[in-house]
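Here we start with a single chain on its own, the form predicted alone, put down as structure tokens.
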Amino acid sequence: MGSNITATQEKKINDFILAIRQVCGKKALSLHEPHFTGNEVNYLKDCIKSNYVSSIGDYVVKFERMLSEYTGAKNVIATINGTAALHLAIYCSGISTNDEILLPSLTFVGTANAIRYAGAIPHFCDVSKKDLNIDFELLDDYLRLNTESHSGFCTNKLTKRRIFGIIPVHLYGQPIHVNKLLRLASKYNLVIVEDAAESLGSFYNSQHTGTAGLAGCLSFNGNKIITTGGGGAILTNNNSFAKKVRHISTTSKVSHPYKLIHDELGYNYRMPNINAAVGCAQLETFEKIKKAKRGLHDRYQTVFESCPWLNLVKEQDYANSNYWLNTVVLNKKETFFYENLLERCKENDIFIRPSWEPLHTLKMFCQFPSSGMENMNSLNERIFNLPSSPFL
């Protein structure tokens, strides 16, 4: 613990730890652990017994169908992980090399990595202090001043590159304002690929996240609200796009009784059957998981009333959040206090996670375009995630 911490800061840290313990008990607390209470073992045994453990098998088809029914997406293509889903969706969207794609600076690095995998350029945007998602009003002002239309396309005045699309992120499970997104995309002729990796079970009004644009991408990593161990999925209502994605995700292999023919560059991105088996079991208990997580958020909200120096991020009026990771924002930036709070929680076996470093500051991305980052710069070193496992 730093020697220069004040008595007021010490009290804040003690109050914070006490609040966490009131909600979660005295055990060691991870950020987000998987929760297996259903048919996971039975389905895995069935999968192994059938010998269909790779990318062909009944559970892959069943998992995709269950996701389609839950999200309302007409087509679902299960992939090996969420980043692969994003890469594939961008790759199949009609993008050209060196086109720019808008995305928030506050997101997991996989969002920007997927853009680069597709040969495109990330163009970073500022976020809202309310829900930490893209601030569409600020972005509209920025695009109005810094872009122009050429042949129906949005062009960056400075770089002269086409701004092809936008990847909004439903950060920590909090849905974006979809109508604002659609108006912006229409105004600037932007293709929408949603990063819904963290938001299975989150809705904008009655519309599931990831279903507003050309495609949406989910993740089922071990720390997500449900897991397949490793896995992701692409949601789309566009049948021709879905056909293309499905084909390229299976190494562009042409169907034939015995010949091995591939007709274009493809990727080996399909989810294995053994992972999908776990996913099917997880989806069967998903409503209980989501209910538990929303209850956890409510308890956090109650105990943090005694900590007026921070704000718990809440769903907006138009949203129904899965509250994948409960998130708090300090009222003001105090780097020394922030680091001491993280360290003290670690000493007390409470894992709280700081937010990612803003992507526009990372050495592999800092040369790429970005809008004004007043909110992002203000929020940096003020955000952290709380223990959010569904069984807490």
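By rigid core we mean the largest C-alpha set that fits within 1.5 Å across both forms. A residue's number is simply how far along the shown sequence it sits, counting from 1. Small disclaimer: the values here were computed from a predicted structure and weren't measured.
Another form exists, predicted together with a further copy of the same chain; not displayed. Remarks below refer to it.
For the candidate set 183, 291, 299, 116, a heavy atom within 4.5 Å of a further copy of the same chain in the model of the complex is found for exactly one residue, namely 116. The partner is absent here, but in the model of the complex a heavy atom of 80, alone among 178, 280, 132, 80, sits within 4.5 Å of a further copy of the same chain.
Figure note: of the listed segments 234-242, 220-228, 311-319, 137-145, the one touching a further copy of the same chain in the model of the complex, with heavy atoms no more than 4.5 Å away, is 220-228. Although the partner is absent here, residue 51 is a contact residue: one of its heavy atoms lies within 4.5 angstroms of a further copy of the same chain in the model of the complex.
Using a 4.5 angstroms limit between non-hydrogen atoms, residue 61 is distant from a further copy of the same chain in the model of the complex. Contact annotation: residue 275 falls within 4.5 Å of a further copy of the same chain in the model of the complex, judged by heavy atom distances.
The closest non-hydrogen atom of residue 362 lies within 4.5 Å of a further copy of the same chain in the model of the complex. No member of the trio 69, 374 and 379 reaches a further copy of the same chain in the model of the complex with any non-hydrogen atom inside 4.5 Å. Of all the residues from 239-260, those having a non-hydrogen atom no more than 4.5 Å from a further copy of the same chain in the model of the complex are 251, 258, 259, 260. After superposing the rigid core, the Cα of residue 144 is displaced by less than 2 Å between the shown form and the other one. Taking 2 Å as the criterion, residue 160 does not count as shifted between the shown form and the other one: its C-alpha moves by less than this amount when the rigid core is aligned.
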